[in-house]
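Form predicted on its own, single chain, as structure tokens, below.
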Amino acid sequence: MGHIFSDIFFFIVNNVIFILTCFIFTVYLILSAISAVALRSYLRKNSYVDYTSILLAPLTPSISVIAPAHNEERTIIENIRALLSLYYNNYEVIIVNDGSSDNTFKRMVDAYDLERVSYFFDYRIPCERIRGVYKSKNGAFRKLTVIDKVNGGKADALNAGINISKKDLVCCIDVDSIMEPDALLKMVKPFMEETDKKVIGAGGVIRIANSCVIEDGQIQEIRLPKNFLPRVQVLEYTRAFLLARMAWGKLNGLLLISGALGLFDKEVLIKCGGYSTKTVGEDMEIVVRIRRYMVEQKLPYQVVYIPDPLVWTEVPATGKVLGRQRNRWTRGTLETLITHHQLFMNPKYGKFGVLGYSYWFFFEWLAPIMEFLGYLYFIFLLITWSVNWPFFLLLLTFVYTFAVMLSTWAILFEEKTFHKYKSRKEVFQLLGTALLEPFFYHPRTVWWAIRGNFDYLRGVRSWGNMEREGFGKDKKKKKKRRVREAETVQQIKAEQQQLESGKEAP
């Protein structure tokens, strides 16, 4: 009798696993199909767009670019110079020195000849004390504003920047990210289109800068990362942005705009209380909160997604640092899901609640837990000599084939659209990485997610130390970078002197 019950149990569990796997894959296929249609429509529509007309249009919304900086002395000068060189007319750059303990603030003061100014502002959003607001003595850098404040974390620094900002829209970025020169033009376009829905937020594709050639804060040559971990993250980001977020943007169910680059309606942010300092996933939580606000105020709105590569960032190159990042992502997701649990399958919030929130609950948070339990179940079957090997091999082949197919589809999307990796060798390297990822990388992401859940239950709320290798890793590159930074400062000083003397800068 016990043997019969055991057979029934294993039969039910195996079928449940197979049905769930098929359901998950079906959802991914649907999202991929929606992304393909949306991406094709976007490329066709924007092939006729002249962004120069946006640059010159008198009614183009003004933008405040806000970049928190904490201990960024190595690259802060180059990063600011890149931000001041963006192709946009009416914008300002606000650098928030969030209590740096190194020479970040001093380097900004010296390079841009900053002085403290009387600057009227109101703490419309709570934040740590602002010690001073600084502007350059040189009119050539009138777009630059530097805030020196007590350390409060990234969310708090963004809130301080919003309080200081004078423009209509706010663009929140990571100071060490590298924006494409025309990023603001592409992001502001949806805010200018005449629709019956108010655009309150826009996000775009984040690309990986590891191994790329970078000079003066600009990408000079795009290269595929040499190391496996950054390279496999290229696949992750491509799938996430071109297959998933493109679809959710089309469905108006997008829950996340990456903290590396997001453009928002400033007044909506202020009315919602700004970024939350009580979560490590402030970029996701703010999007959910502003969407809830618009629904509860019964205001038609839209959060849009732009599939163009708009910003480049360095990703973790070691398992230790990458594990901390994914741990934090898991805790941030769980914090947001719990904070806004009223959204779960709630038709009041439309697609945003019924589809968007539910997808993040089941596929982003619950799926790694179920997969981990599946690993434990398989170990149990091995110990008890109960493995149904034909079924296991069939399921393994099915899952592996689908995972590789999805990655291949993402690579195809990239090659047929923006084609950033020009070399055939790099494309084949990506395909080879897709073959290895399910065995050598994906199980680690599941474990990091499990650790994130445990850390959340233990009350861990810190970001963790996120060391970066920097864009110049070896000694020769570091030396060249230091020389370039020195030359940058000298050139800035020379430009100041030329402008002051009324001569044309070189």
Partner chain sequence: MVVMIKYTQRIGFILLLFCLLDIRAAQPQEQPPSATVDTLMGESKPSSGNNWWWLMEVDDSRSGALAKTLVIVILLSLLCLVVLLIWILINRNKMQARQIESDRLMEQFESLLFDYLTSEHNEDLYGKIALIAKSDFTRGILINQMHELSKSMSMTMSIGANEEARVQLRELYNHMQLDQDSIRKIYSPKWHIQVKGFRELAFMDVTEANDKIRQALKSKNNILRMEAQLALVRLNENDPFGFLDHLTFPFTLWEQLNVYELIAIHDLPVPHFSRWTTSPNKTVVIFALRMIQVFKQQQAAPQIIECLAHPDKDVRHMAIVVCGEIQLRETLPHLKHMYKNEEYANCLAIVHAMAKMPDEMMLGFLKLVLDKEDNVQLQIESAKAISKMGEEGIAALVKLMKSEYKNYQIIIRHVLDKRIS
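Bear in mind the structure is a predicted one, so any value in this text is a computation, not a measurement. Residue numbers count along the first chain shown, from 1.
Form predicted in complex with its partner chain: not shown, discussed below.
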In the predicted complex, does S35 have a heavy atom within 4.5 Å of its partner chain? no
May I ask you to state whether F439 is within 4.5 Å of its partner chain in the predicted complex, using heavy atom distances? yes
Looking in the predicted complex, any heavy atom of P390 within 4.5 Å of its partner chain? yes
Does at least one non-hydrogen atom of A317 fall within 4.5 angstroms of its partner chain in the predicted complex? no
Quick check on this chain: which one of A140, A240, C212, I125 has a heavy atom within 4.5 Å of its partner chain in the predicted complex? A240
Among T104, S407, N79, T433, which has any heavy atom within 4.5 Å of its partner chain in the predicted complex? S407
Which of 93 to 101, 343 to 351, 422 to 430, 286 to 294 sits within 4.5 Å of its partner chain in the predicted complex, heavy atom basis: 422 to 430
Quick check: do I63, N71 and L251 each get a heavy atom within 4.5 Å of its partner chain in the predicted complex? no
Residue by residue through 232 to 262, tell me which have a non-hydrogen atom within 4.5 angstroms of its partner chain in the predicted complex. E236, Y237, R239, A240, F241, A244, R245, L256, S258, G259, A260
